[in-house]
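Before any questions on binding or motion, here is one chain by itself as structure tokens, the form predicted alone.
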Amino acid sequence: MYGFEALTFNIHGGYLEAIVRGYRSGLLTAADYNNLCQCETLDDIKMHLSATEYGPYLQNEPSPLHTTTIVEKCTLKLVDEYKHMLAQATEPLSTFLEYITYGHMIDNVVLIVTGTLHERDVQELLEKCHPLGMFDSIATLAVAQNMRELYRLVLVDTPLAPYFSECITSEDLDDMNIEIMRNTLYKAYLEDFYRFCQKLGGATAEIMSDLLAFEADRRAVNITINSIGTELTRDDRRKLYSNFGLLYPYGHEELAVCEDIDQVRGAMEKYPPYQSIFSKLSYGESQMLDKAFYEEEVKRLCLAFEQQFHYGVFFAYMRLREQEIRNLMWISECVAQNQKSRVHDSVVFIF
């Protein structure tokens, strides 16, 4: 029913769309980043952030500050905003908002399982988990020895349960299997989210299809680059790619057989949106690829706000705020370690 959202959208979604657009106006600007990059100490960063929306969250923190404290408090602001929106939302927006957190749930599951494998303290691991991806039985993940137990004991009652159907094996958990599990879960999650958005139809389907397709393609490229030189076979690699996106299916066939970064580049340059990303990199270089992808993603997320009466703005806002927190973490780390010359290396400007 594309084009008719304006008739009914505001009945349930109007208030929340206004709220999220208000939140978006509080994102840090290029001027804020330039000032932050001039800071000499973490207390300077705190002082500058006190004039932004992060002020109330940092004002009672004593000196000396740590980078983790800044990131923690900024994430807390995002979580508070998310909970406020979720509390006000009705169906299908509430389900849409819950979908946004499933990626963090997957990351938390992987973090705890990997940490347990390396005999880390569970309490310490729980503190490192992203607050948006927490669920009730997360602490008991530590008892699982293989995928089947992980599913049966813990995950069967979580929203991730349907995504586990593809990766339940009796193999013991090791680093390679856990990484395959993460990517298999992410693939199932992205495909499910994509189907849900298609079902919603209208502008939401159009805008979210583009954003999720970009995410799926980025993951396909990262999986390819990270699996070069490992024992992962071509077929196994192919199975980890999502079944949608600009690269599906022919780009996936090419990526599955790539042996080095330049072959990946050759496959990607056939697709105009990705050609511009790879043109920023010199041959054989993959370090700056993440930043180039983040910059492209930010551009697309900002465009989501140009249209009205759709749910894509909620997804875009959460992602932009997460990018902002990554920027603040990088700037804080550079300042704390006295590496001011590298401060611009990983900062992605949002506006």
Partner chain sequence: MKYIDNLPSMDLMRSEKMMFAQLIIPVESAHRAVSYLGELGLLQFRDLNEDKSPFQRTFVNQVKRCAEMSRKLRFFKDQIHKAGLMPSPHPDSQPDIELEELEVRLAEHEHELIEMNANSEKLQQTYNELLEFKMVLQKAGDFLVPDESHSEETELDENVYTNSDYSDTVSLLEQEMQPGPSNQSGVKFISGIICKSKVLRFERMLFRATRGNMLFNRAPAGDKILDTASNEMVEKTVFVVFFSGEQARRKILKICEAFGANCYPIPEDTTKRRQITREVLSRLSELGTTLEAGLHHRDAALTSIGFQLTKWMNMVRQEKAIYDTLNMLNFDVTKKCLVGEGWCPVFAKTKIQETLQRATFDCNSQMGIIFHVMDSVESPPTYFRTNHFTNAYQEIVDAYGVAKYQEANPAVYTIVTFPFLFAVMFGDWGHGICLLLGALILIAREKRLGSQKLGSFMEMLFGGRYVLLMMSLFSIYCGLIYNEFFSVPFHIFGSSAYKCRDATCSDARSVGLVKYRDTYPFGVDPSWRGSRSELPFLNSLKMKMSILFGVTQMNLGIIISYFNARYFNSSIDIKYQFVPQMIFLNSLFGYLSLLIIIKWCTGSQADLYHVMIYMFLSPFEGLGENKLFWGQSVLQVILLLLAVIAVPWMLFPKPFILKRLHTERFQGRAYGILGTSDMYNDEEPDSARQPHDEEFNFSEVFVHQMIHSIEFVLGAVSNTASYLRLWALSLAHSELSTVFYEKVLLLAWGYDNFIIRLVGLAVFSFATAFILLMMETLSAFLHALRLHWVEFQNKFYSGDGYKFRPFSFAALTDDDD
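Numbering follows the first chain given and starts at 1. Predicted model only: the values in this text are computed from it and were never measured.
Form predicted in complex with its partner chain: not shown, discussed below.
Comparing 297-305, 313-321, 66-74, 30-38 against its partner chain in the predicted complex, the single stretch with non-hydrogen atoms within 4.5 angstroms of it is 30-38. Of the candidates C258, C129, A142, L240, A142 is the one whose heavy atoms come within 4.5 Å of its partner chain in the predicted complex; the others do not. Between its partner chain and the residues E253, E269, E206, D157, the one pair within 4.5 Å by heavy atoms in the predicted complex involves D157. Contact with its partner chain in the predicted complex holds for all three of Q59, S137 and R152, each having a heavy atom within 4.5 Å. Contact between D44 and its partner chain in the predicted complex is found at the 4.5 Å heavy atom cutoff.
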